[in-house]
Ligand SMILES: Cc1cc2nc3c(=O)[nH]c(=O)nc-3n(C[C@H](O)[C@H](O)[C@H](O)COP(=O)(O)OP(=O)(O)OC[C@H]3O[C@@H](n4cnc5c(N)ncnc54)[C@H](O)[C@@H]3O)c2cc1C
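Below sits a lone chain in C-alpha cells, taken as the form predicted on its own.
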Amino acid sequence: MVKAGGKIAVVGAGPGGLSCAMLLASRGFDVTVFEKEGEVGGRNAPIHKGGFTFDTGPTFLMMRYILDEIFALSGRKSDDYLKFTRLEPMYRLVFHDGAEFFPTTDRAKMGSEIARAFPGEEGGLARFYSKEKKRLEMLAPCLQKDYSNFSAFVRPTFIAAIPYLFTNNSLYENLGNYFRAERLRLCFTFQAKYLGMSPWECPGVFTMIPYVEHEYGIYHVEGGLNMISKAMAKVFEEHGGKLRLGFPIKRLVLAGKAARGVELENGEKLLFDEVVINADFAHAMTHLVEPKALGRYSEANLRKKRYSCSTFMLYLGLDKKYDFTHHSIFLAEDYRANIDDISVRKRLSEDFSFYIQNASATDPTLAPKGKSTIYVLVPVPNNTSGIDWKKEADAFRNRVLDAVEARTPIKDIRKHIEAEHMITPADWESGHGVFLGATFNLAHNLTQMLYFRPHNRFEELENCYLVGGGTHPGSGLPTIYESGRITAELILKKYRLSQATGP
C-alpha cells in the first residue's frame, strides 16, 4: 500500500472516531487512536457485570447500509465481522391503558396493524411512505456533505432539498398530514428521543426518521451493538492502525491556532499532522482546548446552546428469562406532560415513559444459560435541571422498578436481580465525559444543524477535525458513522487523495 504521508491522531475510540480511523488507515495514513478507557466504543462500549453483557448506549442499528458502506470503503465486508439479526416486529409500543401497537417493515402487515388499532387511519400510511421517501431522497445527499463553509448552501443538491428541509411544522404536527389519531401520531413520533428532543419541538424534517425505520428495518448484532466498534477496531488494526487503550488525553498541543498533536495525562507530548476529536464536543472544548483558543466555543457560549435530554439507565442481569419483545416502549399516560417535564420544566415526572430491551430473547450470548439481560432507559432532564442525583438516584431507581413490575411482563423483577449497574445524568457527565449529561449531544433544532452545527473541519483550529454526535450531521449511530466518513473525506482531499471505492 502506498503511504499517504500524513500522521493522524484520533482522540476517542467511539463510533465516529473508529469509522474515520479505519477509512484513513485503509488509504495508507499513519493513524493512532487514543482511548482513555480499556475498551473501544465510548457510548457504544459494553458493560460487563457478573457474567452479563450490556450495551452502554445504542441498542439497535438502523440504516445498516451506511455501516456496510463504511466497511466497503475500507476494503471489508461487515458480514465477515458481525452477525446481524433483523427484528420483526421492530418493537412493541404500550400505552398506559395496556393498548399495544407493533410497528413492522412489512407494509401489508403495517396497514393491517393500523386498521386493527386505529380503524380508518390506514389510508394515511401510503401518503407517509411516499412523501417521506421523497424527503429522504432529497436530504440524504445533503447530510452526507461537509458544511465547513457557507457556500454549501448554494450546492444544487441543497437548493433542490430546501422545500423538504425547512418546514414550519414540528414532527408531531407534520404527522398530522398523514394521521388524525393522536395515539397513532405518537407511534411515529417517539423516534424524536433518538435526538433527545420533544416531538412538539423537533423539526418536521425529522419525520424521515420513522420512515427510515419502516423502509430499512432495525437490526440486533450478536453480542450487542458494542461488537460493531470492536469490528471497526479490528479492521483499523488490520490496515496498520495503532490503537492505544488506556491512554487519556490531557489537552491538544497547539501552535497558535493550529493543532499540532496531543498531550497525554502523563505529560508526554506527541506530534501529528492532523488531529481528529471524537470526544463529546462540548466536553472536549471545556477540557482539551485552552480557553483562549476557543473563539465562539468558549464555555460561556457553549452553555447558551440548546442540548438534548439525558437518560436514567438501569442494566439488570436476571436469573430468569422472559418471553417478550426484544424492544418495548411504554408511554406515559400524559405523554406530552412527561415530555414537557423533561425539556421545559426540567423536573422528574410522576408518570414517565420508559424503554426496555430484552435482548436475551434474541441473543443467548449476552447472559449465562437460563438468564437474561434487561436494559431500562428513562428519558429525564439534562443537568441544567439542578436535580441532585446523589439524593434522587435510589428513590428514582425504585420508582422505575415499580413501573417495570406494574406495566411489563416482569412482575417480580426485584427477586431475580443478580447483577446491576446504574447510570444517572450526573454519572454521564462526571464518569463518561458528557457535557451537562446531555446523552444525545447538542439539540437538533434548525439553528444547530448543517452549517450552524460545529463543523467537521473545526472552524476555530487548523489541522483539527470533529466526529461524533456533536458535529454534523448529528447524533445516532448512522449519522455518527457519516460524520466519520465526511471527516475522512476532508482529510483525503487535503492530501489530494480520493476516497476508496471498496473491495
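Predicted model, so just to flag it, every value in this text is computed and none were measured. Numbering starts at 1 and runs along the sequence shown.
Beyond what is shown, the protein has a form predicted in complex with this ligand; the following relates to that form.
For residue 318, no non-hydrogen atom is located within 4.5 Å of this ligand in the predicted bound form, even though that partner is not displayed.
The closest heavy atom approach of residue 372 to this ligand in the predicted bound form falls outside 4.5 Å. In the predicted bound form, at least one heavy atom of residue 428 sits within 4.5 Å of this ligand. Contact between residue 44 and this ligand in the predicted bound form is found at the 4.5 Å heavy atom cutoff.
Note on contacts: among 53, 32, 59, 448, the single residue with a heavy atom within 4.5 Å of this ligand in the predicted bound form is 59. Residue 249 is the only one of 249, 175, 366, 202 with a heavy atom lying within 4.5 Å of this ligand in the predicted bound form.
For this ligand in the predicted bound form, the listed stretch (450-458, 24-32, 436-444, 64-72) containing residues with heavy atoms inside 4.5 Å is 436-444. Contacts between 464-488 and this ligand, taken as any heavy atom within 4.5 Å in the predicted bound form, involve 468, 469, 475, 476, 477, 478, 480.
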